[in-house]
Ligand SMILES: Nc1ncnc2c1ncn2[C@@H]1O[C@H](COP(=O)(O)OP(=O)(O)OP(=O)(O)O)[C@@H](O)[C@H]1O
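Here's a solo chain for you in structure tokens, the form predicted alone.
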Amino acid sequence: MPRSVGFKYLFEKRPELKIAIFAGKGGLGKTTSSAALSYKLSTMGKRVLCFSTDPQASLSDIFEKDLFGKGEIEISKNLYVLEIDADKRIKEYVDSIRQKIKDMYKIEEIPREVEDYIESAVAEPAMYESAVYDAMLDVVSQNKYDFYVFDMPPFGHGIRMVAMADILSKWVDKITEARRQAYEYEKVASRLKREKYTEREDQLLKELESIRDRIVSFSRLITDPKGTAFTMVLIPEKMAIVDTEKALKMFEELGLRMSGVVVNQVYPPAILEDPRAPEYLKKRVEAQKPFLREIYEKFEDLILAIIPMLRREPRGLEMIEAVAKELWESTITLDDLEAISKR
């Protein structure tokens, strides 16, 4: 029996799977894979949200529709797409912080030095990432869909978000504890002065605890081994293989396990045996051989699907459907890759 691969087998092994995350460097097929899996699941009668966190509005290109910043849009039956405008979300978040400061200190205008600090914080890359995973948490917590498929932006494979969640959570815990101690000192000082102390709600403390709770919830969401599949997409090229190895190492350091890899843009080995195939195609098959051999040797147990090189760019539902078939149950098998690795 041929050793077949495809997401069909992943979902059969993990019936509780509800979230699929595609990560990797830009241009390797993350968005195509996200769109294809979403489409396939929707044709099986499941309500699916395909969520893009990529600022390049890639899903708009794939589905050939203007989706960026427009909210949840139904593309076809059961298939919904959400392409967030992270910059807009950051602006809304920062405006809410300004308003909370004004309310907390009962002031009309924020002091210039505080405003300078807020503006510098907005420029930090972490602010964009924070807005992204906050939006991810929002849509999943609403529980409106059977499946959620996330197309991650190409910063640190999306893995940095997992690490950042842990770092931020610990930072907020420390700040919260320091604030809590200050709060207790304030009460003690009031008693020593024999002043009447009125318990008041510490808004800053509440805000910090709220941030920490959302960070912890996000971290649990994307690292849940039963409900979430974190997948890397790579192509038969040296740098893509090196990047995937680095990603695996980063996962191990975080105590996580990657669900698998998708090998994209593979020229079918059968081309070599086809007398009608043009010579340039046969040369491309030959050029991919050493990289496919390396992929097989390094990632054999992790390969979830193998997507062949398509005749044209995967745009529109017709091409997405073609990719979906290969992603769900690949025509190129592990045996094919093994055969290549032995040549």
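Residue numbers run from 1 along the displayed sequence. These figures come from a predicted structure and were not determined experimentally.
What comes next is about the form predicted in complex with the ligand, which is not displayed.
J.: Which residue among 27, 278, 45, 316 has a heavy atom within 4.5 angstroms of the ligand in the predicted bound form?
T.: Of 27, 278, 45, 316, the residue with a heavy atom within 4.5 Å of the ligand in the predicted bound form is 27.
J.: Name the stretch: of 301-309, 36-44, 63-71, 281-289, exactly one has residues whose heavy atoms fall within 4.5 Å of the ligand in the predicted bound form.
T.: Stretch with heavy atoms near the partner: 301-309.
J.: Indicate whether residue 259 is a 4.5 Å heavy atom neighbour of the ligand in the predicted bound form.
T.: Flag for residue 259 set to no.
J.: Would residue 223 count as touching the ligand in the predicted bound form under a 4.5 Å heavy atom rule?
T.: Looking in the predicted bound form, residue contacts with the ligand do not include residue 223, since no heavy atom lies within 4.5 Å.
J.: Does residue 76 make contact with the ligand in the predicted bound form, using a 4.5 Å heavy atom cut-off?
T.: Looking in the predicted bound form, residue contacts with the ligand do not include residue 76, since no heavy atom lies within 4.5 Å.
J.: Does residue 265 reach the ligand in the predicted bound form, with heavy atoms at most 4.5 Å apart?
T.: It does: once the ligand is placed as it appears in the predicted bound form, residue 265 has a heavy atom within 4.5 Å of it.
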